[in-house]
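One chain comes next, on its own, written as structure tokens: the form predicted on its own.
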Amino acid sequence: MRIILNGNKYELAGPASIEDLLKDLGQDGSRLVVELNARIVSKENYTATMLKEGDSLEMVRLVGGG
């Protein structure tokens, strides 16, 4: 299954949730904001939100500082 991740094509081996994708990427999601098809997904929904062919994800890392 192919999705678009931060503007680039990304291949998933099979059905996957946002949580599965984060694990695959080695991310814990604690300092990320995830937008799926132009909608922000709350962290509580990462496990329940299944990705579909052609979905577009944007992941933005939060950085502290001034």
Partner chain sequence: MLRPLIIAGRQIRSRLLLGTGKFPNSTVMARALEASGAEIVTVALRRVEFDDPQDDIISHIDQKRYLLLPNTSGARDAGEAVRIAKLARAATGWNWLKLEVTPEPNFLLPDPIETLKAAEMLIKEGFVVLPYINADPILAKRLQEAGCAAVMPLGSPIGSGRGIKTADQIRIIIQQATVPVVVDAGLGLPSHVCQAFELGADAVLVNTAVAVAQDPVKMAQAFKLAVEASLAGMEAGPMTEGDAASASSPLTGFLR
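A quick note: this is a predicted structure, and the numbers were derived from the prediction, not measured. Positions refer to the first chain, counted from 1.
One more form of this protein, predicted together with its partner chain, exists but is not displayed; see below.
K.L.:
Using heavy atoms and a 4.5 Å limit, would one call residue 61 a contact residue for its partner chain in the model of the complex?
P.N.:
Close contact exists here: in the model of the complex, residue 61 approaches its partner chain to within 4.5 Å, heavy atoms only.
K.L.:
Looking in the model of the complex, any heavy atom of residue 16 within 4.5 Å of its partner chain?
P.N.:
Residue 16: no contact with its partner chain in the model of the complex.
K.L.:
Report yes if any heavy atom of residue 12 sits within 4.5 Å of a heavy atom of its partner chain in the model of the complex; otherwise report no.
P.N.:
It does not: once its partner chain is placed as it appears in the model of the complex, residue 12 has no heavy atom within 4.5 Å of it.
K.L.:
Would you classify residue 3 as touching its partner chain in the model of the complex, given a 4.5 Å non-hydrogen atom cut-off?
P.N.:
No, residue 3 sits far enough from its partner chain in the model of the complex that none of its heavy atoms falls within 4.5 Å.
K.L.:
Looking at its partner chain in the model of the complex, which residues in 1 to 38 have at least one heavy atom within 4.5 Å of it?
P.N.:
Result: 5, 6, 7, 25, 27, 31, 32, 33, 35.
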